[in-house]
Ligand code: MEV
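Coming up is one lone chain in structure tokens, specifically the form predicted alone.
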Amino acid sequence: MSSKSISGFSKKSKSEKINWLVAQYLDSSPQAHDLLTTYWHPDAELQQKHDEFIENTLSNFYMPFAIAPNFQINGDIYALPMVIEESSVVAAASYAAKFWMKRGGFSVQVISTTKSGQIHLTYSGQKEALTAYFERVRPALIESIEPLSKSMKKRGGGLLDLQLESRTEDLKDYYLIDATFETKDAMGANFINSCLEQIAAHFSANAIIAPEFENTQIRPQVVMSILSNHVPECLVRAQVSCPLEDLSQEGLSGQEFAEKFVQAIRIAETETRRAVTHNKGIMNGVDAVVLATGNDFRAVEAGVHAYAAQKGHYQSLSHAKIQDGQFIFWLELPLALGTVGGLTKLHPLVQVSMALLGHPDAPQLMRIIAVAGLAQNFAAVRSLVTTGIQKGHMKMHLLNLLNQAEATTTEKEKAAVHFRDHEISNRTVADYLDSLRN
């Protein structure tokens, strides 16, 4: 067996895991060992809590925790917590928040909050026989999850509907049972999956003889049971608007700016290559708040991008128009979020985020996060159609470039002054530091 393979790794202590990893993969580097342990939290109890979030934890991976203030959302003012590593995202969100606060702020509404899961089946018999069997046992299937649903029902949630669907035109012998749920303030993944598995077990427990179909033996085979992160019915809409005369930007009149902006949005609605980057900018804002509030950004990303492709090709999630002298900019996002369960009650900084936002329920968090995406998109498109994206981005990226070059505090201060009026790039920063040092 290679020395780089190991049995029983998960049973070792954290220190033993680090020692083995450094010896086998990091050339026994004391610097690597010290770096991993340096990021341990000095509070042992708090560190243990973090260690238990996932398996085989070695250390903590720090991400910046920032605030974007001045968000007026449905009349209330918020400071949005954001966790992200990319330069200029927080600055762009803050700019958009301040810009729109002077123009009435953001208006948001939750359209729906339904989520779903499916039991995927293989059945080679008559479709009518399976359908009849499903209708016969459907009440018992719903009853079978009553013990699991009791707490959720008390909060106003639970199973909403259960339907059998044939997909045999797409895949031989393929059927599914589609279950829709309301999970209130929980994201609901564990609840939905538990319900689906219980329904599946009950549905396929026994072979059934159906006399009305020539004594057909109905024995559907369950392939798998799992929630879906495609949540087009868990939808929120955010919007801003103002008179055209309030939009003059960088030497452009309000009319000129609005026309360029709308055209940029239409390009993202039409051209997939542009739409992918356009939507990535929206997700810069969305993911940053999703992470800060302890939610699952991978699930959010998957659902959002599926929604962007629902019309047959991938396109912009945001839209804009000029109507009756008004500029109107909006987006609709599918967001399955939770404010209870998961890390929301375990991670101390998530609790700070929730407190900053006034301890929102799930629909309110949907509104806030949709606004973060719209704000980010406005700031990005505004830059693209006026000064270009790089001017502002590289200004915020300057400190990263200086740190990569191991600039001293004095060099950073001088560089900050110098690059107010000079182009920022890897080359110009390196050349400037060389001139200081030589």
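Note that residue numbering follows the sequence shown and begins at 1. All of these numbers come straight from a predicted model, not from anything done at the bench.
Missing here is the form predicted together with the ligand; even so, the following discussion is about that form.
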{"query": "Contacting member of E269, E182, D185, E86, with respect to the ligand in the model of the complex [4.5 Å, heavy atom]", "finding": "E86"}
{"query": "Single option in P220, G294, P81, G281 placed near the ligand in the model of the complex, where near means a heavy atom within 4.5 Å", "finding": "G281"}
{"query": "Contact flag, R274 vs the ligand in the model of the complex, heavy atom cut 4.5 Å", "finding": "yes"}
{"query": "A380, heavy atom within 4.5 angstroms of the ligand in the model of the complex", "finding": "yes"}
{"query": "Non-hydrogen atom contact L384 with the ligand in the model of the complex at 4.5 angstroms", "finding": "yes"}
{"query": "Contact stretch among 338 to 346, 281 to 289, 234 to 242, 114 to 122 - heavy atom within 4.5 Å of the ligand in the model of the complex", "finding": "281 to 289"}
